[in-house]
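First, one chain by itself: the form predicted alone, in C-alpha coordinates.
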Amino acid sequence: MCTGRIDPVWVARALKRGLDGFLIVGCYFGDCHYISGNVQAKAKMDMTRRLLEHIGVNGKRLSFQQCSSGEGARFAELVNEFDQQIREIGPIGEGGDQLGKPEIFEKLQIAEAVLGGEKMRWVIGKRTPFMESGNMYGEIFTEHEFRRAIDMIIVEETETQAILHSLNKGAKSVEQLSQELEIPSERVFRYIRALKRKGFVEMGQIIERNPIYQLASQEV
(Lines give C-alpha, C1' and ligand atoms only; values in the text may rest on other atoms or scores of the structure.)
Protein backbone atom coordinates (compact mmCIF):
# COMPACT_ATOMS: atom_id res chain seq x y z
CA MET A 1 0.00 0.00 0.00
CA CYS A 2 2.90 2.37 0.65
CA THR A 3 6.65 2.39 0.00
CA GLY A 4 7.03 3.17 3.70
CA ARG A 5 6.10 -0.45 4.44
CA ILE A 6 9.13 -1.80 2.57
CA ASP A 7 11.49 -3.52 4.99
CA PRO A 8 15.20 -3.01 4.18
CA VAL A 9 15.70 -6.69 5.03
CA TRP A 10 13.79 -7.55 1.83
CA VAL A 11 16.49 -5.85 -0.25
CA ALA A 12 19.37 -7.85 1.23
CA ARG A 13 17.33 -11.06 1.12
CA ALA A 14 16.40 -10.55 -2.54
CA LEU A 15 19.98 -9.80 -3.59
CA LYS A 16 21.21 -12.77 -1.56
CA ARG A 17 18.87 -14.99 -3.58
CA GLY A 18 20.35 -13.74 -6.85
CA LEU A 19 18.28 -10.69 -7.76
CA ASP A 20 20.49 -8.27 -9.70
CA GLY A 21 18.65 -5.05 -8.84
CA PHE A 22 15.88 -3.65 -6.64
CA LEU A 23 13.75 -0.73 -7.87
CA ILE A 24 11.24 1.06 -5.65
CA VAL A 25 8.83 3.52 -7.26
CA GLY A 26 6.57 5.56 -5.00
CA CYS A 27 4.53 8.72 -5.04
CA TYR A 28 5.99 12.23 -4.89
CA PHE A 29 6.86 13.86 -1.58
CA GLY A 30 3.79 15.68 -0.31
CA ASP A 31 1.40 13.29 -2.09
CA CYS A 32 1.68 10.34 0.29
CA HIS A 33 -1.70 9.10 1.59
CA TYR A 34 0.16 8.08 4.75
CA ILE A 35 1.68 11.57 5.15
CA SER A 36 5.39 10.66 5.35
CA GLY A 37 5.59 7.04 4.21
CA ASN A 38 7.61 7.86 1.11
CA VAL A 39 9.99 10.08 3.09
CA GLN A 40 10.63 7.21 5.48
CA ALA A 41 11.04 4.82 2.55
CA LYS A 42 13.70 6.98 0.92
CA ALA A 43 15.56 7.32 4.23
CA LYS A 44 15.51 3.54 4.72
CA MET A 45 16.71 2.88 1.19
CA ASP A 46 19.49 5.49 1.49
CA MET A 47 20.65 3.71 4.65
CA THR A 48 20.40 0.32 2.94
CA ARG A 49 22.42 1.55 -0.05
CA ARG A 50 25.19 2.80 2.27
CA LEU A 51 25.31 -0.61 3.92
CA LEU A 52 25.41 -2.41 0.55
CA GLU A 53 28.30 -0.23 -0.60
CA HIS A 54 30.10 -0.87 2.70
CA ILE A 55 30.03 -4.65 2.15
CA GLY A 56 31.09 -4.37 -1.50
CA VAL A 57 27.82 -4.37 -3.45
CA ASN A 58 27.37 -1.76 -6.20
CA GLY A 59 25.00 0.85 -4.73
CA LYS A 60 23.34 1.34 -8.13
CA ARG A 61 21.66 -2.04 -7.70
CA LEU A 62 19.18 -0.29 -5.39
CA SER A 63 17.12 2.64 -6.68
CA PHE A 64 14.34 4.76 -5.20
CA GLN A 65 12.28 6.73 -7.74
CA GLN A 66 9.02 8.68 -7.76
CA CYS A 67 6.06 9.17 -10.06
CA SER A 68 2.29 9.55 -9.77
CA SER A 69 -0.31 6.92 -10.61
CA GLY A 70 -1.24 8.94 -13.69
CA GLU A 71 2.27 8.95 -15.16
CA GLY A 72 2.31 5.64 -16.98
CA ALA A 73 4.88 6.80 -19.51
CA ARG A 74 7.24 8.01 -16.75
CA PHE A 75 6.84 4.72 -14.88
CA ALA A 76 7.78 2.77 -18.00
CA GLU A 77 10.75 5.07 -18.56
CA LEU A 78 11.98 4.58 -14.98
CA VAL A 79 11.71 0.80 -15.28
CA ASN A 80 13.46 0.71 -18.67
CA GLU A 81 16.27 2.98 -17.45
CA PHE A 82 16.82 0.84 -14.36
CA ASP A 83 16.74 -2.35 -16.42
CA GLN A 84 19.39 -0.93 -18.76
CA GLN A 85 21.51 0.21 -15.82
CA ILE A 86 21.46 -3.25 -14.24
CA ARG A 87 22.28 -4.92 -17.56
CA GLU A 88 25.32 -2.64 -17.86
CA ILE A 89 26.46 -3.46 -14.32
CA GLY A 90 26.00 -7.17 -14.88
CA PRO A 91 24.86 -10.07 -12.66
CA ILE A 92 25.48 -9.68 -8.97
CA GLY A 93 28.88 -11.01 -7.98
CA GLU A 94 30.03 -11.09 -11.59
CA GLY A 95 30.28 -7.44 -12.58
CA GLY A 96 30.35 -4.01 -11.01
CA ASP A 97 30.75 -5.27 -7.44
CA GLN A 98 33.84 -5.33 -5.24
CA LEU A 99 33.31 -9.00 -4.40
CA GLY A 100 32.58 -12.08 -6.43
CA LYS A 101 30.62 -15.24 -5.73
CA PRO A 102 30.22 -16.82 -3.21
CA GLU A 103 31.76 -14.14 -0.94
CA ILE A 104 29.19 -11.51 -1.90
CA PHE A 105 26.30 -13.75 -0.87
CA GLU A 106 27.92 -14.43 2.49
CA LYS A 107 28.28 -10.67 3.00
CA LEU A 108 24.62 -10.19 2.05
CA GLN A 109 23.66 -12.73 4.70
CA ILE A 110 25.48 -10.54 7.23
CA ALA A 111 23.79 -7.43 5.79
CA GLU A 112 20.39 -9.09 6.21
CA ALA A 113 21.13 -9.67 9.90
CA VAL A 114 22.30 -6.05 10.31
CA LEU A 115 19.18 -4.61 8.65
CA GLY A 116 16.94 -6.81 10.77
CA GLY A 117 18.71 -5.84 13.99
CA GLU A 118 17.23 -3.62 16.68
CA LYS A 119 19.88 -0.89 16.42
CA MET A 120 19.38 -0.22 12.69
CA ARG A 121 15.60 -0.21 13.05
CA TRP A 122 15.89 2.14 16.03
CA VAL A 123 18.21 4.63 14.33
CA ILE A 124 16.13 4.94 11.17
CA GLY A 125 13.02 5.41 13.32
CA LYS A 126 14.77 8.27 15.10
CA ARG A 127 15.74 10.12 11.91
CA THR A 128 12.75 12.49 11.85
CA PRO A 129 12.68 13.38 15.58
CA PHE A 130 16.47 13.80 15.70
CA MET A 131 16.43 16.18 12.72
CA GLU A 132 13.31 18.11 13.73
CA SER A 133 13.06 18.18 17.52
CA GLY A 134 16.47 16.83 18.54
CA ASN A 135 17.66 14.07 20.85
CA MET A 136 17.04 13.81 24.60
CA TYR A 137 19.45 16.72 25.12
CA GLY A 138 17.69 18.92 22.56
CA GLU A 139 20.53 18.60 20.03
CA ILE A 140 19.21 18.76 16.47
CA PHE A 141 21.08 16.71 13.85
CA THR A 142 21.89 17.96 10.36
CA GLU A 143 21.56 15.55 7.43
CA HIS A 144 25.35 15.26 7.31
CA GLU A 145 25.59 14.48 11.05
CA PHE A 146 22.85 11.88 10.86
CA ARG A 147 24.49 10.16 7.88
CA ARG A 148 27.81 10.12 9.70
CA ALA A 149 26.13 8.50 12.70
CA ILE A 150 24.54 5.89 10.44
CA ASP A 151 27.91 5.14 8.82
CA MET A 152 29.45 4.51 12.25
CA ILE A 153 26.59 2.21 13.23
CA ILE A 154 26.84 0.36 9.91
CA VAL A 155 30.52 -0.40 10.55
CA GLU A 156 29.91 -1.54 14.14
CA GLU A 157 26.86 -3.65 13.34
CA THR A 158 28.47 -5.23 10.28
CA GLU A 159 31.55 -6.22 12.25
CA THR A 160 29.44 -7.52 15.14
CA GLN A 161 27.31 -9.66 12.83
CA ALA A 162 30.43 -10.88 11.01
CA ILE A 163 31.78 -12.13 14.35
CA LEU A 164 28.53 -13.94 15.13
CA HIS A 165 28.48 -15.39 11.62
CA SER A 166 32.04 -16.67 12.05
CA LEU A 167 31.38 -18.14 15.51
CA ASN A 168 28.36 -19.94 14.10
CA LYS A 169 30.87 -22.02 12.12
CA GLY A 170 32.96 -22.84 15.18
CA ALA A 171 34.58 -21.51 18.36
CA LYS A 172 37.52 -19.13 17.91
CA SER A 173 39.88 -16.87 19.83
CA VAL A 174 39.97 -13.10 19.49
CA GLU A 175 43.17 -13.36 17.45
CA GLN A 176 41.64 -15.91 15.08
CA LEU A 177 38.58 -13.72 14.55
CA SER A 178 40.80 -10.68 14.00
CA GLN A 179 42.84 -12.43 11.31
CA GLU A 180 39.85 -14.00 9.58
CA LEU A 181 37.69 -10.87 9.50
CA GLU A 182 40.53 -8.34 9.18
CA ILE A 183 39.31 -6.38 12.20
CA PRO A 184 41.83 -5.05 14.76
CA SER A 185 42.00 -7.41 17.74
CA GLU A 186 41.17 -4.66 20.24
CA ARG A 187 37.92 -3.99 18.39
CA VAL A 188 37.10 -7.68 18.21
CA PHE A 189 37.63 -7.94 21.98
CA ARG A 190 35.32 -4.96 22.56
CA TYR A 191 32.60 -6.57 20.44
CA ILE A 192 33.05 -9.91 22.21
CA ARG A 193 32.65 -8.24 25.61
CA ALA A 194 29.43 -6.57 24.47
CA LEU A 195 28.10 -9.84 23.03
CA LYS A 196 28.94 -11.65 26.28
CA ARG A 197 26.99 -9.07 28.30
CA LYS A 198 23.98 -9.60 26.03
CA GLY A 199 24.24 -13.37 26.38
CA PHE A 200 25.05 -14.11 22.73
CA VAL A 201 28.62 -15.32 23.30
CA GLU A 202 30.39 -17.23 26.05
CA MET A 203 33.91 -18.42 26.74
CA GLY A 204 34.16 -22.15 26.05
CA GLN A 205 37.70 -23.00 27.11
CA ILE A 206 41.24 -21.65 27.33
CA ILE A 207 43.94 -23.01 25.01
CA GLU A 208 47.53 -21.92 25.65
CA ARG A 209 46.25 -18.98 27.73
CA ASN A 210 43.96 -17.86 24.89
CA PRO A 211 40.22 -17.75 25.68
CA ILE A 212 38.15 -19.52 23.03
CA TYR A 213 34.72 -18.02 22.42
CA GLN A 214 31.58 -19.64 21.08
CA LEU A 215 27.91 -18.85 20.59
CA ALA A 216 26.10 -19.18 23.90
CA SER A 217 24.01 -22.11 22.70
CA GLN A 218 26.85 -23.87 20.87
CA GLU A 219 28.98 -26.76 22.11
CA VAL A 220 32.76 -26.60 21.54
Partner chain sequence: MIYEKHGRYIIPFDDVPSQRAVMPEISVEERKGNFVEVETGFPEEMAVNEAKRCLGCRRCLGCALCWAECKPEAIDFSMPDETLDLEFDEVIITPAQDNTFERLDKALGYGIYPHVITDLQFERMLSPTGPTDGLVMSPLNGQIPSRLAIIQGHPEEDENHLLPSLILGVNESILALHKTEELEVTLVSPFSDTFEKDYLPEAKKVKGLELVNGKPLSVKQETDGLGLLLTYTGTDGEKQQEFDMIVVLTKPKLSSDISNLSKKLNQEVVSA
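Remember, it's a predicted structure, so these values are computed and weren't measured experimentally. Positions refer to the first chain, counted from 1.
The same protein also has a form predicted in complex with its partner chain, omitted here; what follows describes it.
For the three residues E145, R187 and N210, a heavy atom within 4.5 Å of its partner chain turns up in the predicted bound form in every case. Residue-level contacts in the predicted bound form: of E139, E88, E94, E81, one residue has a heavy atom within 4.5 Å of its partner chain, and it is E139.
This chain is displayed alone, yet in the predicted bound form one of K60, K42, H54, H165 has a heavy atom within 4.5 Å of its partner chain; that residue is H54. Within 4.5 Å of any heavy atom of its partner chain in the predicted bound form lies no heavy atom of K101. Residue contact with its partner chain in the predicted bound form: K169 places no heavy atom within 4.5 Å of it.
Residue contact check for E175: one or more of its heavy atoms lie within 4.5 Å of its partner chain in the predicted bound form. Though the partner is left out of this view, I206 does reach within 4.5 Å of its partner chain in the predicted bound form, counting heavy atoms only.
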